[in-house]
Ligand SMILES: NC(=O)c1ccc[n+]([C@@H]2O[C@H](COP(=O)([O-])OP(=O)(O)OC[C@H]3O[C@@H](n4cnc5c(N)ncnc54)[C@H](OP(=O)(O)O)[C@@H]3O)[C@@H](O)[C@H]2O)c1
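Just the one chain here, the form predicted alone, laid out as structure tokens.
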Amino acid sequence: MKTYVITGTTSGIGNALVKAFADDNIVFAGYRNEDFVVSLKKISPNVIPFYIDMSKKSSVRQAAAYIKSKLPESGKIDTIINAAGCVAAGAVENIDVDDVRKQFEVNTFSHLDFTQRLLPALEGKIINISSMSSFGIFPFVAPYCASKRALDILFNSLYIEKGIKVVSVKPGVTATALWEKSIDLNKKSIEKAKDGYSAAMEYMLANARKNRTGGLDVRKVADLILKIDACENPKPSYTIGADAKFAEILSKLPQEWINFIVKKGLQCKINGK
């Protein structure tokens, strides 16, 4: 049996991964909402839920200590999968900078802190659930884009410096509750942004609701991650979804071209063309 540590397991990609790995392996499954503990345990006796709030340094520290205390006799972790995350949205002009700081704390710094604390036990690879947003071309979710890009840069450097296998998985829009949850999370920023960006905000809100069911099936992302985990020498980055592949290609163009294409594309979406 292998040992996996996965954050963000109460829904979406993280939850699909727990279900995929738990039959034959020990899976430490991170949660923040206590309501999901029972459902995680029901997946398999091999699932060990652990509490972690990615916005609190003390919680990250306690979660890592708990995992190390519960490791099997071998004392090793085969794979760490950083799947937890949130979205800070709004117009850069007036978004609260503290919200941007929290975005980086949850999506970037906490994953680095958590992984550093588990590195002595790690004998396999690290797989980060990044995003096509890390290509950095999406207005009104700039903090999210930047946090995912920073995650990729930091962990890729870890690979170069230490030789640990690190993989970034960049899905396109995925059918999870993440984007719909972001509406409640960003109410203040969205209201601020409506002053001068009302049409864009209405489109972004409608799109977030649609993505709950209209995005990429989480099982397809989970299947890709299973293949990556089984691969002895995986690539450092994988892109999945037509929109993600388009974003990757677009990111290679000169910045002036990118800005023009994204701005025109957004205007067309807002106008329903």
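What you see is a predicted model; the values in this text were computed from it and never measured. Numbers for residues come from their place in the sequence shown, where the first is 1.
The same protein has a further form, the form predicted together with the named molecule, not shown here; the description that follows concerns it.
The candidate stretches are 156-164, 186-194, 69-77, 83-91, and the one lying within 4.5 Å of the named molecule in the model of the complex by heavy atoms is 83-91.
Of the residues given (144, 140, 135, 114), 144 alone sits with a heavy atom within 4.5 Å of the named molecule in the model of the complex.
None of 95, 127, 173, 201 but one reaches within 4.5 angstroms of the named molecule in the model of the complex through a heavy atom, and that residue is 173. Residue contact check for residue 181: one or more of its heavy atoms lie within 4.5 Å of the named molecule in the model of the complex. Contact check for residue 29: no non-hydrogen atom falls within 4.5 Å of the named molecule in the model of the complex. Residue contact check for residue 53: one or more of its heavy atoms lie within 4.5 Å of the named molecule in the model of the complex. In the model of the complex, the named molecule sits within 4.5 Å of a heavy atom of residue 11.
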